[in-house]
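Given as structure tokens, the chain that follows is alone and in the form predicted alone.
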């Protein structure tokens, strides 16, 4: 069944008009999905089997796919002009070059995702269209996708709430003696039960591993006093999630309670600080200064990131990103403490930037106090 068009068409047309490009070509799975509605798994699993969207400034869009995927692509996309190439018999770049010639762009300025198209394919494209000018358009897609439509916001929130629910239910069912791997498996099993058709992130760090950013869950048994930090993401019909929570096994110490309280205070303060017009880098500095006032040195390279079809997206809440926050951006706010004396603490929420401030969309659980795995 054809997907509903959820891309921000107005934002895309504005960006394309300002770019002075005659057309852009999407080649990465997130951008092809965004611009066509076609989510083709083999595009990711078999990188040589290119799927591409050609989006001219003037004229109709074209979706290019491998012949074996053409029927499925037609069922998924809202684009009427779908063309295919026979795998092994013809290069996908040959078809792309033919379409660009047909659109009168053999000598035009064409935007291409240079971060995703391989060097070999790019060289082939240049050789087939030597008079065209190919320019990187990765940032154009990033900026457009950073401002979400209402339909996107709804789907990303649903994915985040399902992920939060899976994590918290698994925490409440966990016992001392259960292994880290068993707890992670429980979370991921619940994630699929609540609608995820793929796993994009499955981090569970317990005990001494909680100090590492993205460790693998071990066969080690959970022990009383362990901090357990989970950072989980699923994919729900193309729309992903990224949520993190921290728990303690057994009774929390006063130091653990105090550190978590300080950590949450900074995260919530940062969310309250986030308004349209605030710079991404200023949110980072807000957190660094807030931690410093609480006696904590912050060492992580960022405190959050834009979230969308590609996972980590712009804006990045890091010291060098001077982008302004805009209404309808979705931001994962996730300052993290990874300190050998304090332990590892992470609280990541999906936040919507609104005209009058910011709203937390991950509301399944109450995060005011450190979650306890009773044992």
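Please read all numbers here as calculations on a predicted model, not as lab measurements. Residue numbers count along the first chain shown, from 1.
This protein has a second form, the form predicted together with a further copy of the same chain, left out of what is shown; the following refers to that one.
Undergrad: May I ask you to choose, among 161, 97, 300, 132, the residue with a heavy atom within 4.5 Å of a further copy of the same chain in the predicted bound form?
TA: That would be 300.
Undergrad: Looking at 114, 175, 220, 257, which has any heavy atom no more than 4.5 Å from a further copy of the same chain in the predicted bound form?
TA: Checked against the cut-off, the match is 114.
Undergrad: Looking in the predicted bound form, is a further copy of the same chain within 4.5 Å of a heavy atom from each of 49, 188 and 338?
TA: Result yes, every residue of the spot touches a further copy of the same chain.
Undergrad: Which one, 259 to 267, 166 to 174, 115 to 123, 100 to 108, holds residues whose non-hydrogen atoms are within 4.5 Å of a further copy of the same chain in the predicted bound form?
TA: Among the candidates, contact is made by 115 to 123.
Undergrad: For residue 68, is any heavy atom within 4.5 Å of a further copy of the same chain in the predicted bound form, or not?
TA: Residue 68 belongs to the contact set for a further copy of the same chain.
Undergrad: Just to confirm, residue 180 within 4.5 Å of a further copy of the same chain in the predicted bound form by heavy atoms?
TA: Contact with a further copy of the same chain, no.
Undergrad: Can you check whether residue 45 is within 4.5 Å of a further copy of the same chain in the predicted bound form, heavy atom basis?
TA: Yes - in the predicted bound form, heavy atoms of residue 45 and a further copy of the same chain come within 4.5 Å of each other.
Undergrad: In the predicted bound form, does residue 139 come within 4.5 Å of a further copy of the same chain, counting heavy atoms only?
TA: Looking in the predicted bound form, residue contacts with a further copy of the same chain do not include residue 139, since no heavy atom lies within 4.5 Å.
Undergrad: Counting only heavy atoms, which residues in 312 to 339 are within 4.5 Å of a further copy of the same chain in the predicted bound form?
TA: 312, 316, 318, 320, 338 sit within 4.5 Å of the partner.
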